[in-house]
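For reference, the chain that follows is the form predicted on its own, supplied as structure tokens.
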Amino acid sequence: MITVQEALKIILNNSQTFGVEEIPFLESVGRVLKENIIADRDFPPFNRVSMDGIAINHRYFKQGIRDFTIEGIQAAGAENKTMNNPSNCMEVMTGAVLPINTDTVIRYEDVNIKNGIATITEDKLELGKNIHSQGKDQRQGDVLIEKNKIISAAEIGVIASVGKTLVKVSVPPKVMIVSTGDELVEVHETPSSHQIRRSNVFTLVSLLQKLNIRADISHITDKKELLNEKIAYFFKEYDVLLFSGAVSKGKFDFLPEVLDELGVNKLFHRVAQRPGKPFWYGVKDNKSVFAFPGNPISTYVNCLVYFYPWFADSIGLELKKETVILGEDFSFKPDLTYFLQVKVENIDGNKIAFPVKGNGSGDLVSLVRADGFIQLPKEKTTFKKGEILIFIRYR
């Protein structure tokens, strides 16, 4: 049995690459950018008026002049105009190019206009006021968005502003999620007294959707020959296989044996953690197999702790670590890393985690009452209120 740290290191050493594709930029939300987005011009590309009002040459205001003859109007979207008499003013609209021979904008609220004369009511006026200067934000050739960033609505706006209709993103892996067990029936079916509806597979589907991975699903009963046949097919069609169940020591837990017969190189089986100890991981032809225990909390934890970092490393994405403050004393005696379900509250600007009591790794409903897990190191048995611990958030 290996430690959580050893298991994660092995998994990250077997990250994969799935390639890069170029897609329409509006379809890229949630995907990982695989190219730098470069400014094709200055931002803003011209001296931009940022308030509706009048534009003047500041030196005349400085000389004490407050009345300015309106020479014309500079509308947003119109070509740059020139103010011929530098002692005059021009009306300007938000977003317009600053007229030539002007250098300061006064908003309409600070001006009285009558008979073609604009009178400034302010006694003090800063040179360059209400002007968004050309190149102030970014210069042509600057990197606006670095690659390996998740594309959100904010990135979409920037991508559009540089005229990129197509953008390069990482290709997600083709994933098959497999549930096993004769006790499982479909969601729409009414289970017998000895059966339950299958849920783990849909939990995994949803966890992968958060990564923008659309996984396929399958269910295989506890028949060794059928497991062998179907898994052999899945290896031909998918990049990654995720299993839930059939990896413990039960008489019908055939999965480790079947994977061995199919030539999968087992890299570990059993991790010193709770929940999720029987976790099995292996590789065949550079394709990873994550075989999680069948209890729902075990499946959930292992997906977050191992699959999420593996996927992030595979596509060049850096996961940010989060910490919380333990809100009450907690003790745990077994020599295992413990992933404790917690509810997090914001108290005086601090994230405080309070343990959520459940009934073991089979208590699926307890997930609804928590926000995530805190990782309690196996080297300790007692954890004091106020300790800072790693937080694995799922809500």
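Keep in mind that what you see is a predicted model, and the values were worked out from it rather than measured. All residue numbers refer to positions in the sequence shown, first residue = 1.
The same protein has a further form, the form predicted in complex with a further copy of the same chain, not shown here; the description that follows concerns it.
Asks: Using heavy atoms only and a 4.5 Å cut-off, determine which of D103, E155, D239, D313 is in contact with a further copy of the same chain in the model of the complex.
Replies: Exactly one listed residue reaches within 4.5 Å, namely E155.
Asks: Identify which of L127, A76, L226, A232 has a heavy atom within 4.5 Å of a further copy of the same chain in the model of the complex; exactly one of them does.
Replies: Flagged contact: A76.
Asks: Taking a further copy of the same chain in the model of the complex, would K174, H219 and E318 all count as contacting it (heavy atom within 4.5 Å)?
Replies: No.
Asks: Can you check 279-287, 77-85, 257-265, 117-125 and let me know which stretch has heavy atoms within 4.5 Å of a further copy of the same chain in the model of the complex?
Replies: Result for this chain: 77-85.
Asks: Would L364 count as touching a further copy of the same chain in the model of the complex under a 4.5 Å heavy atom rule?
Replies: Although a further copy of the same chain is absent here, L364 would touch it in the model of the complex, with heavy atoms inside 4.5 Å.
Asks: Consider V324 of the chain shown here, and say whether it contacts a further copy of the same chain in the model of the complex, taking contact as heavy atoms within 4.5 Å.
Replies: Taking the distances in the model of the complex, the answer for V324 is yes, it comes within 4.5 Å of a further copy of the same chain.
Asks: Does G64 reach a further copy of the same chain in the model of the complex, with heavy atoms at most 4.5 Å apart?
Replies: Contact with a further copy of the same chain, no.
Asks: Can any non-hydrogen atom of H269 be found within 4.5 angstroms of a further copy of the same chain in the model of the complex?
Replies: No, H269 stays farther than 4.5 Å from a further copy of the same chain in the model of the complex.
Asks: Judged by heavy atom distances of 4.5 Å or less, which residues of 117-153 approach a further copy of the same chain in the model of the complex?
Replies: Heavy-atom contacts to a further copy of the same chain in the model of the complex: H132, K136, D137, Q138, L144, I145, K149, I150, S152, A153.
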